[in-house]
Ligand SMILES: Nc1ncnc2c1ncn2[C@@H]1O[C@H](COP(=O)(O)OP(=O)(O)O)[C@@H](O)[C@H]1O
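Shown here is one chain on its own, the form predicted on its own, set out as C-alpha cells.
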Amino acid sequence: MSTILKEQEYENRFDWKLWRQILRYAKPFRKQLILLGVVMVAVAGVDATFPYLTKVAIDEFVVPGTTEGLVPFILLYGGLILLQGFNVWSLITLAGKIEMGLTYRIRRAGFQRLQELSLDYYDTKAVGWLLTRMTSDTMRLGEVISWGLVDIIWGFTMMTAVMVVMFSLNWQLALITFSVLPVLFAVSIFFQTRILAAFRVVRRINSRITGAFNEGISGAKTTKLLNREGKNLEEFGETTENMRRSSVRAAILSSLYMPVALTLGTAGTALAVWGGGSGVIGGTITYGVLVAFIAYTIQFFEPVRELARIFAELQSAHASAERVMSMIDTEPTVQDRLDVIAKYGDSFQPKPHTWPAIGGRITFENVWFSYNPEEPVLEDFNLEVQAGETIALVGETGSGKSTIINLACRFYEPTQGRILIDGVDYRERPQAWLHSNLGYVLQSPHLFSGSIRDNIRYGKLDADEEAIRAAAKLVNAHEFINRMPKGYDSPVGEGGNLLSTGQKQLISFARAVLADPRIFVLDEATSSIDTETEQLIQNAIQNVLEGRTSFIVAHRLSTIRKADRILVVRQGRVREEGSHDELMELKGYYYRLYTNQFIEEETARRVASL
C-alpha cells in the first residue's frame, strides 16, 4: 500500500457558510451570547454618549461661563463611568466563558471524530497535522468567535449610534465626513482574498512544523543511530524559513491594510475639522458641535480600525476553521448503517444486550479490495475459517497478509464481495460488536502512560484485580511484573519506554486476553523480541488461542508450526494451504522458506556459542 501525506487545498474565497457551521457549537452558550450582545450594545451606547456630554459642557458651561447645573451634570457623568466599568467587567467575564466553552466543544467534536474515522484516514494524515488542528487551530477559533464577537457588536453599534448623533447634529457635515467610506470598502475587498490566501499558507506550514517536531521527538533514537542530527536540522530550517517568509508576507498584507484604514479614518476626521471649522467661523454651528464632531469622527473610525483588525484576524481564523471543520466533517469510510445503529447502537452508545454471541466462523466470499483503484490487493478472494481454528498467514511483504486481517477485523471493508461472521454479512452488525470480541497484538505494541495495571485493564475497564492478575499469568507476564519495584503499580513511561520490547509485548498480550475475545490476531507479535520472551509467548499462545478463532502473521515460522492451517499468500492469492507437516511434504514455497530460516537460525546459534 502506498500513501501520500498531503494537506487538503481550499478554494480561494471567504465562505460564510463555514462560520455558520462553526457557530452551531455555540448553541449551548446562546444565553451568554445574547447577554454579551446586550452588554456590548450598552458599552457602545455609553461610549457614544460621552462626546455629546462634552458638547453640552462646552455650550452650556464653558462658553457661557456659568456653573449653574454643573453638579447634576457631574453626577450623570460619574454614573456613566461606573456603569461602563460594570459593562467592561461583564463583557470580559462572558467572553472568557464563551471562548473556553466553545474551544472545548470543538475539540471534543474533533476528538470524537478522530475516534470514528477509519484507518485509511490516518494512512494519509501526519500526526503533527492532526495535533495542530486539535490545539492551535481550535484555540484560534475560540478566540476569534468570542472576542471577535465583542468587537464586531461594539463596532457596529458604536458606528450606528455615532452616525445617528452626527446626522442629528449636522447632516451636511456628516455627509462630508463619511465620504471616505466607499473608498474604505473598496480597499477592504481588495485585501480580503490576498490576506486569506497568505494565512492559509501559514497554517499549512505550521502543521508541517508540528509534524516535524513530532517525528523528531518520536524518532530521536533513530536519528542518533543514523547520525542524522545535522541533516534533520537543515530540513527543519528549510521548513521554518518557509514559515518565516509566509508569515512575513501575511503580516505585511495585514499591516498594509491597517494603515490604509487608519489613513482613511484620519482623512474623515480632517474633513470634519475643515467643514466644522468653516461652520464655526460662519456662525452656522457652535463650538460644542465642532468639538463633538471631531470626537465623534475619532470614535467612528476607531471601530472601523478595530473591525479592520478583526477582518484581518478573521482571514487567519478562516484558514484554521477550514482545517478543523474539514476534519470534523470527514465521514468514515467504514460506517454502520442507520438501521444497524438503531437496532444495536454504535461505539459511543452501544446496546450490547441486543448483540448476538460470536461463534467465530469467518467467510470471505469473492472479496475484492484495493487501497487505490490502480493497485488491487485482493481479487476474487475466498476463504473459510472455522470457529476456533488457528490460521497462520505466510508470505512476502506486500502479499496481502495484513490486508486479509484488516478486512476480517473490519478496519477496512471489501470494495466487492462480502465477509460473513457466523454466516451473516458483518455489515449487518455494528463495528462495536465485532471489535469488542477482538483481541489484537501488534508487532510494536502501544502502551499508554500510567501503570502496568492501567494498561492491562485498558482491555476491559471494569476488570477487577483478580482478572487482571489472571490475564497476566495466562500470558506468562506475572513473574516479571512482580519483580518490578512497584509490581502492578509500576509506571510504564510514555509509550512504554520504561519497559523492554518483550515486556511491552507481554503486557499488550495480557491486555488483549483480559477482554476474553472470540477472535484473536497476532500480527508479527514475536518478530521484535528476544528468544526467551518468544518462548514465553509461544507457550502462552497455546493456552490463549484454544477455542478462539485466530490469525497469526509471523516471519519467525517456529511461531506458527502448531497452527491448524498455514496459508501461503502471494500477490493476494492463497498459493499453498495446509498444516506445517503437509506443507513440508509439499516441498514448495513454504518448505524453502522454513528450511532457509531454520539453517540461518541454527548457524546463528552455533556462532553465538563459540
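For every residue, the number given is its place in the sequence shown, counted from 1. Note that the structure is predicted; figures quoted are calculated from it, not measured.
In what follows, reference is made to the form predicted together with the named molecule, a form of this protein that is not presented.
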Should Ser136 be counted as a contact of the named molecule in the predicted complex, where contact means heavy atoms within 4.5 Å? no
May I ask you to state whether Asn87 is within 4.5 Å of the named molecule in the predicted complex, using heavy atom distances? no
Does Val377 reach the named molecule in the predicted complex if we count a contact as any heavy atom within 4.5 Å? yes
With a 4.5 Å heavy atom cut-off, would you call Asn170 a contact of the named molecule in the predicted complex? no
152-160, 395-403, 105-113, 339-347: which one contacts the named molecule in the predicted complex at 4.5 Å, heavy atom to heavy atom? 395-403
Only one of Asp123, Asp516, Glu235, Glu331 comes within 4.5 Å of the named molecule in the predicted complex by heavy atoms, so just point that one out. Asp123
Pick from Trp355, Tyr488, Trp147, Tyr412: which residue has any heavy atom within 4.5 angstroms of the named molecule in the predicted complex? Tyr412
